[in-house]
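So this first bit is one chain, no partners, the form predicted alone, shown in structure tokens.
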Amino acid sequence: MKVVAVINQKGGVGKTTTTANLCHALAQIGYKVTAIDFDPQGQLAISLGVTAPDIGGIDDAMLDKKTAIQQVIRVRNNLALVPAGSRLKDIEQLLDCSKPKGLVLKTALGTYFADQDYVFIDCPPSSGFLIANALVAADQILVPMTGDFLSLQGLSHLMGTIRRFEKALKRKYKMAIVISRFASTRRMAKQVLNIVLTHFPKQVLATIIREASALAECPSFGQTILEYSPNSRPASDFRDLAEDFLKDRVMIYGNE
């Protein structure tokens, strides 16, 4: 089992879109995948068609009310979801103060998902307690970012956070970057891409997720793009991205 934190402390960069569609693409290939909605807004669950109010989730597992496996919802073949839960937004205040706060998620996950190939954690656009727990629990990091200047600034801030955790935990994360919501007609997008390729060689996954209205539409139907528009360009992008992720296929500067 590999635990993958999908993280970027800037909002609006496609974290949840990437998590939902990449997880489903991997599941369609045949991998066993569990997605954890670790954002109190609960948008990953909505994207996968789970909209029941006041549903329990990873919050209860972190509070020792239930085990993590008891909170699993089977949402597709080979794909399971652990929702956020209504108390996730207040989880830090609700926890027993005697517990090491950085280890709460890792402890809650335990060995319950040992039969899974991948566990993806869809992180909130913030720093602090939830991000710290996701980074401690993760084996590798996936960073979605868009082709705009603020996204570039967000990536710089995130790298500082990751380096601090690497130093504190005495470990090196495997990290990959996903270029999402990319509009090739925008000059700024191309400039940002070139900067990222220069500073993060061999870490940008080969497939760019191109901007498309269908990607914004499908969550309202509780579907991934692979269901909503399976023959579309973005569906093809995510199938290719799944292969990139599995095979470590990266973009080479000058050949993007």
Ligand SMILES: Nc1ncnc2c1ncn2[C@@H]1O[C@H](COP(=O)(O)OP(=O)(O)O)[C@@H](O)[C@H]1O
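Note that this is a predicted model, so its numbers are computed, not measured. Heads up: residue numbers just count along the shown sequence, starting at 1.
Absent from the display: the form predicted in complex with the named molecule. The rest refers to it.
Single option in L215, A61, L48, L226 placed near the named molecule in the predicted complex, where near means a heavy atom within 4.5 Å: Flagged contact: L215.
4.5 Å heavy atom contact, I209 to the named molecule in the predicted complex: Heavy-atom contact with the named molecule at 4.5 Å: present for I209.
Non-hydrogen atom contact Q28 with the named molecule in the predicted complex at 4.5 angstroms: Outside the cut-off, so no.
Residue contact check: Q43 to the named molecule in the predicted complex, 4.5 Å heavy atom: The answer is yes: Q43 has a heavy atom within 4.5 Å of the named molecule.
Residue contact check: A242 to the named molecule in the predicted complex, 4.5 Å heavy atom: No, no contact at 4.5 Å.
Listed range touching the named molecule, judged in the predicted complex by heavy atoms within 4.5 Å, from 65-73, 190-198, 215-223, 28-36: Looking at the other structure, the answer is 215-223.
The named molecule in the predicted complex - contacting residues of 14-28, heavy atom within 4.5 Å: If the 4.5 Å heavy-atom criterion is applied to the named molecule in the predicted complex, 14-28 yields G14, K15, T16, T17.
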